[in-house]
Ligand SMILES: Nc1ncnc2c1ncn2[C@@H]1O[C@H](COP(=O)(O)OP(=O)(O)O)[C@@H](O)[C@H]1O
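The chain below stands alone and is given as structure tokens, in the form predicted on its own.
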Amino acid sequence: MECFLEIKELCKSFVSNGRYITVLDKISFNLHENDFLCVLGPSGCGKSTLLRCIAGYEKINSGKIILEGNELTKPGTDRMMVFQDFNQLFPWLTVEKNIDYPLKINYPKLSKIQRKELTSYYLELVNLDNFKDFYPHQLSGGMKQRVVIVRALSLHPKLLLMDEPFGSLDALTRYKLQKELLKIYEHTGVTIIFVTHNIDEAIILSSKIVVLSQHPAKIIDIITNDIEQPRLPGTPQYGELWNRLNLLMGLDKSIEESAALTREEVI
């Protein structure tokens, strides 16, 4: 299978008070088309910066980002980004018009009828066709995020970049949107890079997980997640992966100590 996205030795630093602060330190990984990659790491480690570099919003200091053989140096509609903030929609436009607007700008040859059909298709995909005439302030946070996701997908990006889009939602809404996103992913086949610091979210959603260290971010491990859907916390495979990720992130030293004791008993 050919490589779809290549991240090669990516480094990113910022200048603060006259000195360089390294955020991303030689990050390298590859993705195949239709991968669902979760970037997992502690808060503040540089996950969002990595996503912004791939989107073209941040200039990298060194390394390469190559999408389908072409090196990326600036933003483009081949990469659409969804943020955590709920206020990504135009407040003066209805749900339908929020999706129609980027279609009108980016595909001027589409007729009004064609744009309306596309808008209806994507709203039906997330069960929001009955809310097409609502304004953003009339929607819940979860509903807003669903509109933002399908607005991004309506432009047919090669990469959907998601920066903790469910991080501010309550647990129940978050779970529902995870299921919605998996349905969209299976239906559209879009390649996704999803930033999170939530281990359960990474396990539930991903086909592959990149684990980053604390600042400056380096890759600790790259894990293929082949647990069958639906992924339930009570299954042995889920528990094993959860413990592995927990240890990699250093969140629970007691698990590591327990594992060490068990190894000593075996020896």
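It should be emphasised that the depicted structure is a prediction, and the values quoted were computed from it without experimental measurement. In case it trips you up, residue 1 is the first one in the sequence shown, and so on.
Same protein, other form: the form predicted in complex with this ligand, not shown, and the subject of what follows.
State yes or no: in the model of the complex, is some non-hydrogen atom of T235 no more than 4.5 angstroms from a non-hydrogen atom of this ligand?
Taking the distances in the model of the complex, the answer for T235 is no, it never comes within 4.5 Å of this ligand.
Hey, in the model of the complex, is G239 touching this ligand, heavy atoms inside 4.5 Å?
Output for G239 is no: heavy atoms all beyond 4.5 Å of this ligand.
Heavy atom of S28 within 4.5 Å of this ligand in the model of the complex
No, S28 is distant from the partner.
In the model of the complex, does V210 come within 4.5 Å of this ligand, counting heavy atoms only?
No, V210 is distant from the partner.
Which is the contacting stretch out of 219 to 227, 62 to 70, 201 to 209, 45 to 53, given heavy atoms within 4.5 Å of this ligand in the model of the complex?
Looking at the other structure, the answer is 45 to 53.
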